[in-house]
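To begin, one chain is listed below as structure tokens, in the form predicted on its own.
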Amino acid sequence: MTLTLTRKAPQSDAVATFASCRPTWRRRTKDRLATTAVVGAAVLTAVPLTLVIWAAIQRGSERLDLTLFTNSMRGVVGQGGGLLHALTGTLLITAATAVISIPLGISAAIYLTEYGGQTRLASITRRAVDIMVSIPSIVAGLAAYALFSLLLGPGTRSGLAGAVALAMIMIPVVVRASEEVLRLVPGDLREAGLALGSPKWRVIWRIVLPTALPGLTAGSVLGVARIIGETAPLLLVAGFTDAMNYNLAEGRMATLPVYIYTQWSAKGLDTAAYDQRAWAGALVLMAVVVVLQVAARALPPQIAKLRRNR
């Protein structure tokens, strides 16, 4: 009796791995369902956004002319008028908010990253920042209104009060963004500076901050984009006026969000004129936000390039 043994040709490792990991029909079905759900969610999000942008462009472009950017609403009833006073107020209040928020936010982030560690004060600060990020904007407006009412008397409204209210919203955004950016700075750079005998504050000022400058700039610009469209706190503490006001510390000051609200809600005999100004203001405000978002993405690479070439 003779036994004949046949030896099966061994498969290569790659073929064996592919055969063992070949996806089954269940895996393919789950993958397709997950892909369909993600794409569907993206479409559902993009459709209303696209409709809003299209409506603002279509209706706001009807009133985009030189008069809109060179005139205020002083003494205007019906046709005519512009948003120069509101655009000026928005720029002034936003600039004041940035002057208040950016130094404080970056300083707080430096403390949390470089000095705070896991101390109790750092933990309380982080929790306070988390709470401030989630509070409604009207609460910041009420806090600023109460503060200025105690200091200057009830009913006080000014651009400075609006800047303080917006700073309460912007500071937590800057702190969060700056803290994450500072944590990305390699620890070897800090250790090298300290090994050369430099004090810690000088290492932070000369090494850590310049290295994180692109990210800090992007976080600051995004913080400005976050607060530039706020309406409720400005309506409460900055008020509204139809005339130009360049003084942040005195008198009511118009802003673009409040201008849009007042034009849409306080319609006179010529409804079409008020609607056109409201949509034009919305289009201008959207354009400002888009410019800030683009700047937040374009500035960091340019700053890094300038630092390398210097």
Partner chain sequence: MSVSALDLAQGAGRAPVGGPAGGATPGERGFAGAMKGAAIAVALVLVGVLIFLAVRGGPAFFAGAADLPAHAGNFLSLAAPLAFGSLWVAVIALAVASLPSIGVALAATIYAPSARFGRLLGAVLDLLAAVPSVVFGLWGLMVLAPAMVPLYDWAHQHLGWLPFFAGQPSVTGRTVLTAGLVVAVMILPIMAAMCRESFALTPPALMEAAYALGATRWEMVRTAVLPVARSGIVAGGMLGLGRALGETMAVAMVLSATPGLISVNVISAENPSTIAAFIASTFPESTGSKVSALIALGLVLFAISLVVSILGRRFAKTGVAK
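Just so you know, these numbers come straight off a predicted model, no measurement behind them. Residue numbers count along the first chain shown, from 1.
Another form exists, predicted in complex with the partner chain; not displayed. Remarks below refer to it.
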Within 4.5 Å of the partner chain in the model of the complex: all of I57, L66 and L91, by heavy atom? no
The one residue among L84, V76, L194, A95 placing a heavy atom within 4.5 Å of the partner chain in the model of the complex is L194
Would you kindly say which of L152, L213, I207, I135 lies with a heavy atom within 4.5 Å of the partner chain in the model of the complex? I135
Is E250 a contact residue for the partner chain in the model of the complex, using a 4.5 Å heavy atom cut-off? no
Examine L184 and determine whether its closest non-hydrogen atom to the partner chain in the model of the complex is within 4.5 angstroms. no
Find out whether any non-hydrogen atom of N71 is located within 4.5 angstroms of the partner chain in the model of the complex, and reply yes or no. no
Quick check on A298: any heavy atom within 4.5 Å of the partner chain in the model of the complex? no
Going by the partner chain in the model of the complex, which residues of 93-131 come within 4.5 Å of it through any heavy atom? L104, S107, A108, I110, Y111, Y115, L121, I124, T125, A128, V129, D130, I131
